[in-house]
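Just the one chain here, laid out as structure tokens, in the form predicted on its own.
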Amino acid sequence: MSENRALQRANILANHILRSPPLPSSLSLAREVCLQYSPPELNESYGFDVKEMRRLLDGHNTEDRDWLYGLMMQSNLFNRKERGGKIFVSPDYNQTMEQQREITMKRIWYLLEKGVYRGWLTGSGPEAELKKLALLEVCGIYDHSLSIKLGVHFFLWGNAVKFFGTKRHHEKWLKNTEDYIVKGCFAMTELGHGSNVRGIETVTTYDPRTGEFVINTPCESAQKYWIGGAAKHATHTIVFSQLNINGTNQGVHAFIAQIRDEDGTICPNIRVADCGHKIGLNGVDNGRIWFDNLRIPRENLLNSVADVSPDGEYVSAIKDPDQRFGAFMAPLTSGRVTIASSAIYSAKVGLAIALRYSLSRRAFSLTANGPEVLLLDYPSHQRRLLPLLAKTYAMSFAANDLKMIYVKRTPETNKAIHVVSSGLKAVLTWHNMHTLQECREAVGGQGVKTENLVGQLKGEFDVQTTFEGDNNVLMQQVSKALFAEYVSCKKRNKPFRGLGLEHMNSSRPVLPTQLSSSTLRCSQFQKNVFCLRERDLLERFTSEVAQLQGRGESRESSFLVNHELAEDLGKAFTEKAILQTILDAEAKLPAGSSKDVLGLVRSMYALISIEEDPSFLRYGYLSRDNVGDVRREVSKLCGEVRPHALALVTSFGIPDAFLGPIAFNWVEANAWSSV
């Protein structure tokens, strides 16, 4: 049947060709009449030192990043393919879920053999941690599934053992984890509880007769859910569970449990199910876990904060349950740190592709028979992409700053790291999703094609807005922390110290009523307007909560009623922190072209943030005329940043092979010869 149909179609096509009228002799088929790809480098110049800018942007371990890029490009495991005369490496998203999972593990083994993970858990100190973060970021640029599998194993399972555990756990588990003899996962999230970790329903009791803990999943909503690595590969897991000792609930604690043997067989008293196909990250085997009277040794309690003696006595130096819970949660900040950073590298990939395409793709003519215009020479296209580029630059510096305070953390800085990482994780992941959507649209139909990456990355990174804390919940946590700091300082009549609130010790900034171009681009004006917004929103928020509490409402209820103010405040705090980091980066540069261009980028970030936030108009920080001035200045800045667009994305330092084919010779990549 299929052969007859093919023959019939061939006959129809032959008759069509034979009956077609001859081409007019005046029509030339010379190659000149066809569109040809012209590399942006032929017409675009670098107005500053892109290597200097890249070092500033990456912040650390540039050579280590390039080493890992090279390892990936050398191996066929990373799906090397030729398009348009260039080699590209990217996952084959057309593979089945099972195939993606298996190739992800093969890539992990390859990188293990090359020594990529050396020192990731057994090393110590800021330098070792920064190298680990840099290499994880490169893995995420190649494939989010790869970085998530590594993140779960090293940063969740591994860090839990390292920071929740003590010497006995370190000696038994850390080296084996680093060498992948043990494959770990992290069972915190449940079907019924995600962000609310305190509410998890898994229950663990202690049996003093045998010296064992007994873990149970008491109901279906207590099943562990979305556990990366659980469905297929993990041999062990960290189990977060309520600990019940002699009828008293001591709160959430962490335990080590084996879920598979060396052959991959699921252990007795454990049930595992697959979470199934997802909108992205199908190289990660997310699973569900039930525990049925699972017995584990007493020594498997991670006991840096609390312990249970052989005879069943609960012991902890931290008596307050809230403080004890906070001590358990503090080490988990690394998850938000890595998510915030990887979101920015994802946005960089999208922007590098979309902007390079817009510097070679043309559409429409301004005059009859005139040349078609480059996409990026349209003011509307500049408006779509260049403010996002400026934001990505500013947020890149913020992510670097977050990493630095994380690797140099002390018990005194844990609170600040929690607050800053919560705000940045939310703002940066939202920014990434917005950026990828705009890049997808900016490249037209080519953005729908998987190999061009920008569309595919949306599904791959969408989960970042909700895992390791729902973004809206995180922003409310930021506001609650600011509220507590404000109330504490006012109550003790002490000056503000920390969380960037020192500006509130000075008088309220007064903004000029008329905003000229030079005023809008002035760093002091930008700092003043961001500080004014944060200060006013914090005072409004605390006042509203106090009024409700005065009428008998609880503090938590008062927070909930004022959720809109809380989210505005969280955004104001985070955007001000981001502005400060790009100002700090700018200050590191000597006078010259790089500093000048970064000054343009910083002003673009500040002004587009003002334009996009209704708070400036809603609460009267700026007038309607002022907002109009800001809008016009953003458009003006777009025109000034436009000549530097290629240099700015080149400064990302992402090798050509890690971008999509449309970033380069998109004509040749789609030629018949490539079919």
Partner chain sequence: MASHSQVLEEEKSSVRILTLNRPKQLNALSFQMISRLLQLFLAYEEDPSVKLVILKGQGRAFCAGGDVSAVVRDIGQGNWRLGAKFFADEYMLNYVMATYTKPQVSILNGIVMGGGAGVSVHGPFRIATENTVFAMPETVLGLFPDVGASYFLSRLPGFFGEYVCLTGARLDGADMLACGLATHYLPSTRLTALEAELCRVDSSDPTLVSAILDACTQNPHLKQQSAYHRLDVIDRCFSGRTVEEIIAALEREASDDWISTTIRALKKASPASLKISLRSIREGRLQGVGQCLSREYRMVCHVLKGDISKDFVEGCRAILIDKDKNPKWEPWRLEEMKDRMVEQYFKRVEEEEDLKLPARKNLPALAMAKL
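Numbering follows the first chain given and starts at 1. The structure displayed is predicted, hence computed values, not measured ones.
Separately, the form predicted in complex with its partner chain exists; it is not shown, and the next lines address it.
**Q** Would Cys34 show up as a contact with its partner chain in the model of the complex if we use heavy atoms at 4.5 Å?
**A** Contact with its partner chain, no.
**Q** Within a 4.5 Å heavy atom cut-off, is Asp66 in contact with its partner chain in the model of the complex?
**A** Asp66 belongs to the contact set for its partner chain.
**Q** Does its partner chain come within 4.5 Å of any heavy atom of Gly85 in the model of the complex?
**A** Yes, Gly85 lies within 4.5 Å of its partner chain in the model of the complex.
**Q** Is Gln74 a contact residue for its partner chain in the model of the complex, using a 4.5 Å heavy atom cut-off?
**A** Residue-level check for Gln74: yes, a contact with its partner chain.
**Q** For the chain shown here without its partner, which stretch in 66-74, 626-634, 607-615, 641-649 has non-hydrogen atoms within 4.5 angstroms of its partner chain in the model of the complex?
**A** This holds for exactly one stretch, 66-74.
**Q** Could you work out which of Arg168, Lys588, Lys81, Lys114 is the residue within 4.5 angstroms of its partner chain in the model of the complex, going by heavy atoms?
**A** Partner contact (heavy atom, 4.5 Å) among the options: Lys114.
**Q** Ok, Tyr225, Phe496, Trp430, Tyr110: which has a heavy atom sitting within 4.5 Å of its partner chain in the model of the complex?
**A** Only one option qualifies, and that one is Tyr110.
**Q** In the model of the complex, which residues of 193-222 put a heavy atom within 4.5 Å of its partner chain?
**A** Result: empty, none.
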